[in-house]
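Heads up, the chain shows up twice below as structure tokens, two forms, tagged structure 1 and structure 2.
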Structure 1
Amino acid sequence: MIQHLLHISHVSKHFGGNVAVSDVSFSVEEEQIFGLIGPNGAGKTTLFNCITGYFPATSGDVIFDTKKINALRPDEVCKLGMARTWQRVKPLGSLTVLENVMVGAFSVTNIAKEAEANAKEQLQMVGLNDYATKSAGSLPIGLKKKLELARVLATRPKMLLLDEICGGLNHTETDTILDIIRGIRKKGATIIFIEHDMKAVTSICDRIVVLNSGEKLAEGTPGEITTNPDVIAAYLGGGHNA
């Protein structure tokens, strides 16, 4: 039997008269890597914000692990097992890399030694263990992206929402992040992935939803999405690397 860890049912988000997300529905299975793509302004990050409690949805339901989470705060959503990254990485620059990851770990323990052990495990997972004592603010963008990933992994999530985790990275850095994501999935996590790099999306995602002007345009496998005429017209034909 297919187990859906996340179900988005007719979710809309309005900001005054502006409709940012309109009647979007989809489900994500356990241990899937699920892509969310679309042009700039399509509503992808707004939908992430509705899912994780940063914005309340205007209408519709967000069901995570059989629980309706519409009214929960972001910290409450995190405690249920959902964590996210942000487009713009903002580490606590005056703290070390290890201390940054411990901040995430303190969401699941109040014991410093446990938080430190958890943080070291996540630094090993993303390949940052050699940078543990470095100032987080001194890292280049590629390593800051890894740090962001390690910090959310320290919350022990069932589901990760990654908002352009490969944004600003070169091809080698992107391939490294994708390998890390595959490793995270092997450990049992479910991942939703906003990304503009179509090569990255199609190489790693099991299914993809395309948003356009806040509405769901298409859903399918990477092969179905990249050959869908509506998607090509609205998105892939707009100069993006398919």
Structure 2
Amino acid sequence: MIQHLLHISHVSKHFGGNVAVSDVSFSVEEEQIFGLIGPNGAGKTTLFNCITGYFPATSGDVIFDTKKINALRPDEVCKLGMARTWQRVKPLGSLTVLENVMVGAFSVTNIAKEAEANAKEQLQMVGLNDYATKSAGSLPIGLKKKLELARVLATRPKMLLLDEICGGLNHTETDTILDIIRGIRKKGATIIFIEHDMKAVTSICDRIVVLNSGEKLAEGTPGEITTNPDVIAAYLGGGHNA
């Protein structure tokens, strides 16, 4: 039987009269890499915010691991094993890179030594170990993105929500991140991946949902999505290269 780790059911989010997400439903299977794409302002980040408890959805349900999580706080969602990165990176500026990742690691241990070992492992994984003692605020944007990734990995999540984690990275850096994501999946994690770089998305995702103006436009495999005429009209034709 197919295991649905995350089930999004008729989720909408209104900001006053602005409907940012409108009646979106989909399910993510365990160990899937699930793409979430759409033009700027489509509602991708807003949907992440609803799923992770940053703010509640106006209507609809979010079910994670058979548990309804609509009304949980972000920290409670994280404790359940779902971690997200921020599109607009949020480094803990005056702490060091290592300390940033240790903060994530403390969600699975109370012991500083263990948190440090975990954090070093993640820094090694994303290739930030040379920067461990640098202050996080001083990193260039590409490395801040890697720090975002290392920090959530340290929480040892079952599910990762990555919001444009490759934004601002060059091709080699993007490939490194994609390899890391594949590695994490191999260890049993499930990933939702927001990204504008279609080459990255189609190369790594098992399944993709396309949002447009808050609504779900299409869902399918990368092959189906890239040949879907609606998608091509609304998104791929709109300036982004496939």
Partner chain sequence: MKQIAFLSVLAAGAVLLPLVIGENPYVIGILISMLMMAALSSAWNILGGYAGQYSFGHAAYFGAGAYTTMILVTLYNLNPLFCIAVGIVVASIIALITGSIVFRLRGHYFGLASIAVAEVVRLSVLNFNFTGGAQGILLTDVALWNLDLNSKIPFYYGMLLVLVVTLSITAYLRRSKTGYYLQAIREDQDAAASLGINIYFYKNKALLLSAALTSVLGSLYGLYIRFIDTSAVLDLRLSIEIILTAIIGGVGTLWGPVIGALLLVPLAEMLRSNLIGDMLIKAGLVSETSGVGLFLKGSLANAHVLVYGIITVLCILYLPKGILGLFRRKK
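Between two forms, the rigid core is defined as the largest C-alpha subset superposing within 1.5 Å. The model shown is predicted, which means the values in this text are computed figures rather than measured ones. When a residue number appears, read it as a position in the sequence of structure 1, where counting begins at 1.
Out of structure 1 and structure 2, where do we see the form predicted in complex with the partner chain?
Of the two forms shown, it is structure 2 that corresponds to the form predicted in complex with the partner chain, while structure 1 does not.
Would you say Ile141 moves between structure 1 and structure 2, meaning its CA shifts by 2 Å or more once the core is fitted?
Comparing forms between structure 1 and structure 2, the Ile141 CA shifts at least 2 Å.
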